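Same chain, two versions here, written out as structure tokens and called structure 1 and structure 2.
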Structure 1
């Protein structure tokens, strides 16, 4: 088996007030699409941004992140910049605010390439046009001269994706790329990611709180809760036979057509406040299967599940 493109071990992210990512470990193999799901606040974005060392100033990072075997946390600022946008790139949640409003779309896409050594103007403008065309934006030469406010949300997210893949990265991290979009546009973006993965073999780490998105795209699924990985496994297994009570509750809360009730069951209770210490499993206050030791000791992630009880679900 080949070497993972991304290998995260025991990742910790802490702010002065709280530790928001604790002991996260997982691998992404070349060409793989891995989904990360979890409620908002569970540390998905902080995990993703750690890979490019793009955390807020007050954040402290611990553990290990290896990209193609090289330790990201030990890289010099220049090495990090050389990696950002070239080998590993990122698409963010809000397409409305991700483009600089006073610069042309085409110039911003071209910048992704000039920053990594491509200076020839003709090559750049051709490449920008072909990138825009590849994400389904018609009349790309003219559209490249447009400003962000002249693009719709869906077009901006497509242009952002084009910008992210401009240098043919080995890994694309997409942090809730479709959350701010309506359903039809969501599908277009997901199709775009699927094509990208199929044609250029780019590995994708897809972060979302929408299980339906994951189901259609990812072969592997990582479930995060309160800054920890609670379940990690092949998507179809996790979705059809969840092994962690939190994953199970999450699936219960998704409306499904094949369910008789068709009702949305919200998970009762709130995720723990990272600033408040909580002993034992972080899910125990909300868990229907809670036992005594769950309130005392935190279970380890073993065999892809972080649970003492492992009820038959």
Structure 2
């Protein structure tokens, strides 16, 4: 059996006032597409940014992050720079601030390839145009000469995706890659990821709020809540037979086309404040099946689910 391309064990991310990721563990195998879902503030993006060590200086990391067997937390700054954009790439969530406003779009995409060995100008120009065309940007040679302010938000998001896949990375981390895109363009971005996965064997870690995107693209699904993994399993199983009350609650808030659902059910309450420690299961104040033990002891992640009760959902 092949080794994981990414292996995270007992990851902790803390700041002076709070711990925002606590005890996260999972693997991503070569060629696997893994989705990560959860409410805002659940630790999804912090976990993803930890892989590339793109966290504020005040962040403290504990545990282990291994990429192709090498410990990322022990890498030198030079090793991290060599890995970023070549072996591991990331599509960031905010396309409005991810480009340098005074450099042309094409030059910024070309720079991502130049930094990792591609020098020939003609090859770079052709590759940039091909990448922009692959994400649905028309007249790509001309658009490559445009500045970021001349692109709409959706076009910037597509250009970010083009930059991220430019070097054919072994692992692509996509943080809300379809945000602000219409349905047609969303499909183009997702198809690009499918093609990259199929042709290059690139593993993908997809962070999203969109359950439909997860269902169409991901083979495995990780559900996070309050900085913890609460459920991990094959996508079909998690979506059709959720085992954690939080996963079930998330799915109740999603419109369904295959059956009449009546009014959508919102999850009561708010996620816990990471700066204020909460005893027991972190979901217990919002859980319909809470028991006394849930308020006292935090359950471990066993058999892909973190729950004492495990109700028949």
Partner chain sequence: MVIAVASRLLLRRALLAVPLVFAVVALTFFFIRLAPGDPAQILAGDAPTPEFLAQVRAEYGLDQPVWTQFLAFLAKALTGDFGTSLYSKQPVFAVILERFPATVLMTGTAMIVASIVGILVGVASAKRAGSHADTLISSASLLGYSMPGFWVGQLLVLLFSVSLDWFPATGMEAARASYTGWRHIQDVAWHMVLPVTTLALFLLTMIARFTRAAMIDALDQDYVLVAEAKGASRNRILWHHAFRNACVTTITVIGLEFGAVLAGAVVVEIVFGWPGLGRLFYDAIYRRDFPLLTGAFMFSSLIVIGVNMVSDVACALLDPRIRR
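Just so it is clear, the model here is predicted, and its values are computed rather than measured. Residue numbers count along the first chain shown, from 1. Heads up, when I say rigid core I mean the largest set of C-alphas that superpose within 1.5 Å between the two forms.
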*Answer for which single form is the form predicted on its own*: 2
*Hey, does residue 139 budge by 2 Å or more at the Cα between structures 1 and 2 once the core is superposed?*
yes
